[in-house]
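Take a look at this one chain, the form predicted alone, written out in structure tokens.
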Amino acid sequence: MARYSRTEGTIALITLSNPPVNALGAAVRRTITDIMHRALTDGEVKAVVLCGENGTFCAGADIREFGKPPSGPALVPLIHDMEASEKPVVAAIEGVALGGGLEIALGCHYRIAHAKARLGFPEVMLGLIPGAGGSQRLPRLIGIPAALELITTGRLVSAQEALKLGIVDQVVDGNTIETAVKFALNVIGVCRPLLSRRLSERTPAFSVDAAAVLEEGMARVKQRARGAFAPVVCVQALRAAATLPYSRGMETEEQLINMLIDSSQARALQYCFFAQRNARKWSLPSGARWNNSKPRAVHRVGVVGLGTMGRGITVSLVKAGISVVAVEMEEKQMDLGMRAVLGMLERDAQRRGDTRPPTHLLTFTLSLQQLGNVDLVIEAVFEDMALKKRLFTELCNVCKPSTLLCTNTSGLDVDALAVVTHRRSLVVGMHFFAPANVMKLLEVVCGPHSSAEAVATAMTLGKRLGKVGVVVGNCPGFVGNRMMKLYLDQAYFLLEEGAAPEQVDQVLEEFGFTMGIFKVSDLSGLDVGWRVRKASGLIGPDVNPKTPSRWRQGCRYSPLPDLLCEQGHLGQKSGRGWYLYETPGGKEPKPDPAMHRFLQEYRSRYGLTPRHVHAHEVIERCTYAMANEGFRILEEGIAARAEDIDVIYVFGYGWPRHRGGPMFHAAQVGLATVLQRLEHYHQLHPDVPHLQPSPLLQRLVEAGSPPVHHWREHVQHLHSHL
């Protein structure tokens, strides 16, 4: 709640107390309002210092109150009373001052921050805007351009940057509260009126034309937001700060926050927030929880393979302060990999202002024998089962018996690798996403023999690397790539039926994806999927390379990407794929006239009559096919919860956060609608079995479409591959 004490005789010390982050729940708001009134009306109190206990000022709103009717006093009157006081009020900021916590600090007359503190307005990440005057006070303190960047992105700033921007008045390395008390004593009675410290009384300072800044900012935000409302509404709130008196600006802020608070996008973003937190709490249907198992200590890790994935994994480990032994089998590849890793670490150090990258943690070698004393090995060699089996057999002979063996496979059978070892319980999948030093997602694949201790160790290591870990079961493609295959299939079928790659991509990007599916394919390389299809038997010597079959393994198949690969069109790396690039390795995709001719010839060869494909059909077929497979994944126990599937897609596949994920999106559209549209498309395309609605989806509709977190209750034969 909040505690009141007196120090130095005349200083009231108010301490927020709501572990672990002093969130502003209803009880906290009530007690701080009462205590602040007491301090401001006590004749013996000459100044107030506001702080938080346990080294944290305040992390803002209490997330446990999200989605519930408001209760308790509002923050706005409290902040107004503090600011209007004739007694100096000083905020002593330690840990974090976020959201409502920063709004309280801005209502204080002075702000003292510890050197390790972080400040910011992350509300936009939850589909909201600062709702207690933050959008009106911050631009009056630091100007429109800086406030625009911070509020529309939700970026947190260090104490040093906050000092440079003018958000705080002083940064200290020592005891922040003691410094704030001394500061308060120094400003008592000084002939320095507090009027200039009241941000609501200020006019935003403009270094350039405000209208132009806001117009440019709105254009930039709209492009980056890709359909998300909250960043755009942030700009509208800042426009009110720039053009209206403070009181009118506050009215506008209130109207805007009320518009957003119950919006579908706010619900989706808050759902993502909780889903990410809950992904760490994976458990078996029996109730056994991996996170009740103590993870092993990991001090030294081996990485085998220094291709694109191995390099990113190595960099992630080193940046986390973990010693790495990196192994390559060929000297040329070793040299290329070593230079790439050192270059990435050097550039990262320069960005952080560090002149010494942690290269002392790295050992490069051509010998597996150097892995004899590592705690965990991550193999990152090519997706070739025979190669991986040989490697795992060798690792068993080289590594100590307690070493965990992890595979970075994107879809191969983890159990098939475990059976060639003498330590099946110590084998798990750690599926990183490219580039591994950037992408946040980590699928931790639990094979049928993987121990809870091994899973806990992999999840804990992922957390140390800054990854969002999700435990999944063992099946071809796991969760993410299993669903991605159906997404790709639908995109290929749409091309066969009359669409163009750039049309499909434009629709998907307008939906909110960072990149359309064909741009993503070009970026990844078309040969990656080609190798997977060959390994799965979809492509073999019996396939006619000129007129390949459009029917394989009992269902419709599109050979379009195979034909492109046969021609050497592999995406960005070759300068041509679904798009045309100026040079091999080029980054800027351009529609390729030759692709249009290629598609026309293909349709003519197979007797396909092209038709106009509507945007809504692109979205429905691509996203509903994914969700439908997600329901099958839940039924099979490959994922523990629908929320886990959505976390995978948001953090690993560029699904727009403001749409929550494919499963949440299906719920928002309406499960009955999704069922009806899948039945419609399956009737049109009976040769595409994955368009047939899943039994779980049908049962959920029959049950009245319960909320996402209740779906698991409707799995008929609850079992788990986890």
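Each residue number is its position in the shown sequence, starting from 1. These numbers come from a predicted model, not from an experiment. Basically, rigid core = biggest C-alpha set you can superpose within 1.5 Å across the two forms.
Only in words, not in the display: the form predicted together with (S)-3-Hydroxyhexanoyl-CoA (3H9), which the text now covers.
In summary, the binding site of this form is blocked: after superposition of the surrounding C-alphas, (S)-3-Hydroxyhexanoyl-CoA (3H9) from its pose in the model of the complex has 3 or more atoms within 2.4 Å of backbone or C-beta atoms. At a distance threshold of 4.5 angstroms between non-hydrogen atoms, residue 281 is in contact with (S)-3-Hydroxyhexanoyl-CoA (3H9) in the model of the complex. By the criterion of a heavy atom within 4.5 Å, residue 52 is excluded from the residues contacting (S)-3-Hydroxyhexanoyl-CoA (3H9) in the model of the complex. Although the partner is absent from this view, residue 526 stays clear of (S)-3-Hydroxyhexanoyl-CoA (3H9) in the model of the complex, with no non-hydrogen atom inside 4.5 angstroms. Among residues of the shown chain, residue 20 is one whose heavy atoms approach (S)-3-Hydroxyhexanoyl-CoA (3H9) to within 4.5 Å in the model of the complex.
In plain terms, the part of the chain that comes close to (S)-3-Hydroxyhexanoyl-CoA (3H9) in the model of the complex, with a heavy atom within 4.5 Å, is 100 to 108 out of 610 to 618, 100 to 108, 373 to 381, 178 to 186. Out of the listed residues 669, 688, 61, 40, 61 is the one that sits within 4.5 Å of (S)-3-Hydroxyhexanoyl-CoA (3H9) in the model of the complex by at least one heavy atom. In terms of contact with (S)-3-Hydroxyhexanoyl-CoA (3H9) in the model of the complex, the residue from 475, 221, 171, 257 that brings a heavy atom within 4.5 Å is 257. With a cut-off of 2 Å and the rigid core superposed, residue 672 has a Cα displacement that falls short of the cut-off between this form and the one not shown.
A displacement of 2 angstroms or greater separates the C-alpha positions of residue 20 between this form and the one not shown, with the rigid core held in common.
When the rigid core is held fixed, the Cα atom of residue 63 travels 2 angstroms or more between this form and the one not shown.
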